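Next up is one chain by itself, shown in structure tokens, the form predicted on its own.
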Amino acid sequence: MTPEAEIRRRIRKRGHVTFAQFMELALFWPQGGYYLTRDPVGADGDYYTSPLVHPAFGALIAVQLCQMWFLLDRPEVFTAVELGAGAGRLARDVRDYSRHLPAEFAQALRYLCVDRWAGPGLDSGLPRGEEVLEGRITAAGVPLRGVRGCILSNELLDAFPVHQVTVHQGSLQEVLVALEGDTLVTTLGEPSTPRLAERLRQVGVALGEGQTAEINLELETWTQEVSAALDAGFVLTIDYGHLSPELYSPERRRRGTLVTYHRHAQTDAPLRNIGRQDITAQVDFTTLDRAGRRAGLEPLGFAVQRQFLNRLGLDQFQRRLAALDLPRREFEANHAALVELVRPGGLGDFKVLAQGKNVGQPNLWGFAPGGPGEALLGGLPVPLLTPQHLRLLEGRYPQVDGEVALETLWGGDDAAEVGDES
């Protein structure tokens, strides 16, 4: 039974389903759900992510993990758990670049991939025969305990099913999916749970008449699971989204943030191509921060990806690239990819949230001026594109302006701050 057939069956039985139920089935139904039957990333998929754009992303994550290892007093085993690891591209790049970092860190690093997707391909391109890569777990949650290290994710939370709500004639209504004859349609009804109104109240948001918004009720459960898995260490979450006042702004987000992608085109038609297209909504980082505090995770830093990568050394990689005397074609491909990682309006505007448990309040390199410093970065090689990464200038992807001024990409102090509970 396809996702669409199951959705129709449930609607005929119950009269409607919430949008969160619809999205869960479209993305994760075992028989044809979007994320459980394919690798959606890359030329043959529907979108691309930072790890696929350039190995510098994984290299700098490795640098940040190395500092976290230092802060934990250099344990003999430092476990990096990547949730939503997909085909393992980030795992590969982190492991590859860790060889250039202190030998004790490379030896201590254990990298574990966790994903709901059980299809082939996760291990392709990963180092083989190495004890430092523990392997994969196929699971929806976080089935681990006693982790000492870092639990990280990149573009995971934006795929969590969301409820859609709107204000109609002064009252909060939920967007439901129903059938009109044989056609799937959206309609309005009473909220399926009081938690929807409570979430808006908690973040101090009052939606305007006719405004649509998405609410991810799974954030609290996910945060609790992450905290329960972590004995001591860090949580690093990278995704696109905003703090609540911006996310729910009636002026800028009147229609919400839900989008769909099919073959690298934004279609914004969730009731079509069910099970064959991505459905995603931006992350509420205010809720993620507050849920973390309640679960024992203290906020350690919040920044845009552009600033986070720059403070870890991406700007140095960019400047040193020209000195490598690469063939012009290779230089342009690498330059374009590094620019794409920090491009305003694109990947550069993604948010990075760091949280800690039983580690105090350290200044993490990716969030503090000065970063890892020349003593570490000066001796590190510039990572270069491999055949496993995209060629943005050759594929059917948005063209990157390689002449964008560096001060636009890396200058200024534009990090946001996670709001206090008060």
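All residue numbers refer to positions in the sequence shown, first residue = 1. All values reported here derive from a predicted model rather than from experimental measurement.
We do not show the form predicted in complex with a small molecule, though everything after this point is about it.
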query	finding
All of 28, 51 and 82 within 4.5 Å of the small molecule in the predicted bound form, heavy atom check	yes
Contact segment among 136-144, 196-204, 303-311, 243-251, judged by heavy atoms lying within 4.5 Å of the small molecule in the predicted bound form	136-144
Contact test in the predicted bound form: residue 216 vs the small molecule, heavy atoms, 4.5 Å	no
Contact of residue 277 with the small molecule in the predicted bound form (heavy atom, 4.5 Å)	no
Exercise: residue 117 in contact with the small molecule in the predicted bound form, heavy atom 4.5 Å	yes
Partner contact for residue 105 in the predicted bound form: the small molecule, 4.5 angstroms, heavy atom	no
Contacting member of 297, 159, 347, 333, with respect to the small molecule in the predicted bound form [4.5 Å, heavy atom]	159
Contact residue in the predicted bound form, from 282, 164, 154, 318 (heavy atom within 4.5 Å of the small molecule)	154
